[in-house]
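Shown next as C-alpha cells: one chain only, the form predicted alone.
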Amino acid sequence: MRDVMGVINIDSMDEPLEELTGTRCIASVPFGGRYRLVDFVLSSMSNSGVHNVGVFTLNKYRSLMDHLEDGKSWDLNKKEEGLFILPPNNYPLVNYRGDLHNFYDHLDYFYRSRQKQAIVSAGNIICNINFSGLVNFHRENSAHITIFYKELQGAGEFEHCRKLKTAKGGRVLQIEEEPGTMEDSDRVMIEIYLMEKALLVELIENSTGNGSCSLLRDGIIKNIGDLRVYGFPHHGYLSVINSVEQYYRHSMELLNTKIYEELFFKHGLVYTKVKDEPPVKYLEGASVSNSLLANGCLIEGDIQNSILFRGVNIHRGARVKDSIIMQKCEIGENAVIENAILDKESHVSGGRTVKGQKNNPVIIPKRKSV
C-alpha cells in the first residue's frame, strides 16, 4: 500500500446537518461519544498502510485542524509524507466552483507525492475498511477508477447518494447524474474511489481550460465511456451522514452490539484525538441502561438508550432517553431529555423538558442554554 496515497475531500458548501454544521465542517461533526466523522475513513487509510494523506478543506475548518493536529493519533506524524491539511487559497468562497479547482490550488502536493494511485474519499462516511481488497481488484482489472458501492437493503437507505449500473465483471456502465433519477438499480455509489494518480492530475490540470469543476460529475461521470471504471462491492457496515435524521439514526445504531463491534474492531481500531480524562463517575441515584458513555462523565440521573460524550454532567433526578449529549453538556436536576441532540457545552436548566421525535430529533445548538 506504499504506492497508494489518501485524499479526503471535504468540499461541501452547505450545512446538511443544520445547527450541527453551523460552526464546523461536516467532517468534524462529533460522532459516537468521542470521535469525529473524519476519524473513520482516516483510520481506515492508516490501518491499510496509507502513509500519505491530504485533507482538502473548504470552509469552517478551524475545529477540524484542531482535531487532526499533526496526525499523531493516526500514526501519520512522519518525517516524510504523513498528514497534510490543505485549505483553499485566499479567494471568496462565493467564487468556489468545485473540488477540481481546490485540488488545482495544491497541485504541488500531487506532484511531490511518489504514489501511483490515490484513494479519494468524502469526509462524512462511517466505515472501517481494509482497502487492500479494493487495491488488488483495481490492479487486477487494470482499471483507471474503481468505485465502492453498496447493495440497497431497504427504503430510505443512502437516499442522497447516486446509484450506478454495472456489467458482469464489475465494469460500471452508468452513474446517475442526480440522486433519485435511476429506478432500475439497487446499487448505490459510495464516494470512496481508487484512481490512478496520473489520471487525477490530468483531470486537475485540464479543469481550468475546459470548464470542469467537479471530479465526480465532470471527471468521472462524463468520461465513463472512455475510462475503465469498475465497481467494487462493500459488504460490511457502512453509512453516509447527509442529514440530521441519518446522523441520529446511525448514531443510535451504535447501541447495537453487533454493529458496534464490527465498526470499531473488525478491521482495526478507529483512532481519534487522545484526551486524558478520568473514568465515568456514577453517584447515588444513577441508573444507566443500553447506553454509551465516554470518559469524564458525572452521572446522578437516569440514562436510557443514549450516547454521552466526554465530560457530560447529569444531575440528580434528570432523565435522558434516546438522545445524543455532546461534550461538556450539563443537564440540571429533574430535567427531561428525549429524542434530542445537544451540541457541545449546552445547558438544560433544572425541571426543563426537551423532547423531539425519533424521525425529527430536536437540536440544541452549541453553548445554548435552555
Partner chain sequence: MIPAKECVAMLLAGGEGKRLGPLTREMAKPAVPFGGKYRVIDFTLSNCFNSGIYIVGVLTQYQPLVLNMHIGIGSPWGLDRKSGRVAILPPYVDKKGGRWYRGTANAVYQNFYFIDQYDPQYVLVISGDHIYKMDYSKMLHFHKEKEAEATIAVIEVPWEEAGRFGIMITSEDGRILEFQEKPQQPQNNLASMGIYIFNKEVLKKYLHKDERNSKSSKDFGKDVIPMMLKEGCRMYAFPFRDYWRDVGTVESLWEANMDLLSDKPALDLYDRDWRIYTVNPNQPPHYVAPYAHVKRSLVNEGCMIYGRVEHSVLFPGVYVGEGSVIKDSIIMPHARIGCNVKIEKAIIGEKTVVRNFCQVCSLEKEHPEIILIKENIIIPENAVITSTVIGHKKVN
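Positions refer to the first chain, counted from 1. This is a predicted model, so every value here is computed, not measured.
Omitted here: the form predicted in complex with its partner chain. The next part is about that form.
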Options 124 to 132, 110 to 118, 179 to 187, 296 to 304; stretch whose heavy atom lies within 4.5 Å of its partner chain in the model of the complex: 296 to 304
Sole residue of N223, N290, S243, T208 within 4.5 Å of its partner chain in the model of the complex, by heavy atom: N290
Contacting member of Q153, N89, T257, S142, with respect to its partner chain in the model of the complex [4.5 Å, heavy atom]: T257
Partner contact for E284 in the model of the complex: its partner chain, 4.5 angstroms, heavy atom: yes
Proximity of K60 to its partner chain in the model of the complex, heavy atoms at 4.5 Å: no
Contact flag, E261 vs its partner chain in the model of the complex, heavy atom cut 4.5 Å: yes
is_contact(E80, its partner chain) in the model of the complex, heavy atom dist at most 4.5 Å: no
Sequence-ordered list of residues in 298 to 317 near its partner chain in the model of the complex, where near means a heavy atom within 4.5 Å: L298, R310, G311
